[in-house]
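In structure tokens, one chain follows: the form predicted on its own.
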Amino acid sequence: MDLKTALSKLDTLEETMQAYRHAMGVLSLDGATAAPRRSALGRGKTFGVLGGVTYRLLVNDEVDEMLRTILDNRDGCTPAQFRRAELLREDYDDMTRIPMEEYVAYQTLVTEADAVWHEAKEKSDYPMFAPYLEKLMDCQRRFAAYKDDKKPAYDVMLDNYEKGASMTTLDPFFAMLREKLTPVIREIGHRPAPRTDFLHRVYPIELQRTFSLRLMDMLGIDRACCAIAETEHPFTDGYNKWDVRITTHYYERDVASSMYSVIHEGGHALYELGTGDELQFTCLGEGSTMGIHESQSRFYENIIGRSLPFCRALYPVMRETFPEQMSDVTAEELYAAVNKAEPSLIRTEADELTYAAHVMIRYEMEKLMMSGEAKVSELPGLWNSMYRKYLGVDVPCDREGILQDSHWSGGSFGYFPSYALGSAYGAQMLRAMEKDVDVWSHVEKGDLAPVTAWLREKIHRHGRMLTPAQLLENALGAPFDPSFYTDYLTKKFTELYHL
């Protein structure tokens, strides 16, 4: 195959694969937000068929020859063409190791497992979900062995989400977080808690929906290209930069829950919306790694969204939207309330300081799950004991315990550490950003455009064009150092609680 033919086939393959990805993504979104509860069986069969089609699109001799031709002729390609071939080669090699019938069956399994998880969570019934979790774990262990049977299965899974991550790199990372942050958490436990009563007044759902749209506008999200829906577990899905979806959930007596899920998912959306036009409809037009993606969501949610300058900008919007509920509240009280630090049950509702402990628990559990040291039947008890050990809280039910997250129902083992890594990346990005941008004066005015412009230049526009290491170097200006994160948290909460 000559190079010109290979490059033409590359374009056709990517356009077709992206079209299927878009269609399957919208179908998945519908299943999570609007489809009838019992639709999962039919949707699972559809995903199985589409999974088979996409498998055959990528895994065949012609694609193998096309990729070899491009990779053997680097000088005749543009950097983007060569990078696309590199990434597709990785996907091709990974996929060819999995028998097609197993891949198709897995697509069906994930769809069914997600539907069962939703029902099991609603009923707080772990045994209902357990058989599906067992199958998902078995599949993922098998897929990991297909990819690299010389590495522990969990290391392969971690690398799927964060290139280069392994238990060897993450064990000391989490150990450092425990060492540096545990004394701060303990000391705060002896200090008076801030006032939070106003966050739990009755906030009508319809007003919260209006407020979500105003939050999206504050973040600078183009609502002509990004829509919001409601689901059990908030998430973001970007099909291309002109079609990004975020979701949230609403609780009448917990306005901060939806508020910060919208800001968090909005950070993901800004990343997707900011990728370069020239990268669209190719494998380059998406986020680099899950850790880098989470760095953006958690940057907006916490570093910006829970800062005093942002709370001052947000305060008049909340007063206008919820005049009765916010009538006796100051901007400073809002800031203190949304930064209340105390051990809690739910990861997505956790404060910025204790959040890493929630991630660490899932990391420690996944290590045991994937090594086979913990049986599926033992997982709720293990979860509950770890929450007592690391956070000192008792788990009252499966819904608020092991069933709270959607990740395992989607087979996303190895994803959770990305949240902690992303938080740490974000703290170091802030220090680099502050050298170029007067961050806090803009934020206090409610103007996030300079913040987003900096991130767009350093992170968003590149998609997957740069390697994760290159992208981090571009944004951090120095090697990754998690001490920026622990220093940031220590300073912030020392000031908040007058330690």
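Predicted model only: the values in this text are computed from it and were never measured. Numbers follow the displayed sequence, beginning with 1.
This protein has a second form, the form predicted in complex with a further copy of the same chain, left out of what is shown; the following refers to that one.
*Asks:* Does the 4.5 Å heavy atom contact test between T490 and a further copy of the same chain in the model of the complex come out positive?
*Replies:* Result no; T490 lies far from a further copy of the same chain in the model of the complex.
*Asks:* Would you please decide whether R245 lies within 4.5 angstroms of a further copy of the same chain in the model of the complex, comparing each non-hydrogen atom pair?
*Replies:* Result yes; R245 sits at the interface with a further copy of the same chain in the model of the complex.
*Asks:* Please determine whether G42 contacts a further copy of the same chain in the model of the complex, using a 4.5 Å cut-off between heavy atoms.
*Replies:* Result yes; G42 sits at the interface with a further copy of the same chain in the model of the complex.
*Asks:* Would you classify T46 as touching a further copy of the same chain in the model of the complex, given a 4.5 Å non-hydrogen atom cut-off?
*Replies:* Looking in the model of the complex, residue contacts with a further copy of the same chain include T46, since a heavy atom lies within 4.5 Å.
*Asks:* So a further copy of the same chain isn't shown here. In the model of the complex, which residue out of R209, R89, K163, R74 has a non-hydrogen atom within 4.5 Å of it?
*Replies:* Contact with a further copy of the same chain in the model of the complex is made by R209 alone.
*Asks:* Counting non-hydrogen atoms within 4.5 angstroms of a further copy of the same chain in the model of the complex, say which of L29, V443, M433, L67 makes the cut.
*Replies:* Residue within 4.5 Å of the partner: L29.
*Asks:* Within 4.5 angstroms, counting heavy atoms, which one of the listed stretches 172-180, 201-209, 367-375, 258-266 is next to a further copy of the same chain in the model of the complex?
*Replies:* Of the options, only 201-209 has residues within 4.5 Å of the partner.
*Asks:* Listed by sequence position, which residues of 19-40 have a non-hydrogen atom within 4.5 angstroms of a further copy of the same chain in the model of the complex?
*Replies:* If the 4.5 Å heavy-atom criterion is applied to a further copy of the same chain in the model of the complex, 19-40 yields A19, Y20, H22, A23, V26, L27, L29, D30, A34, A35, P36, R37, R38, S39.
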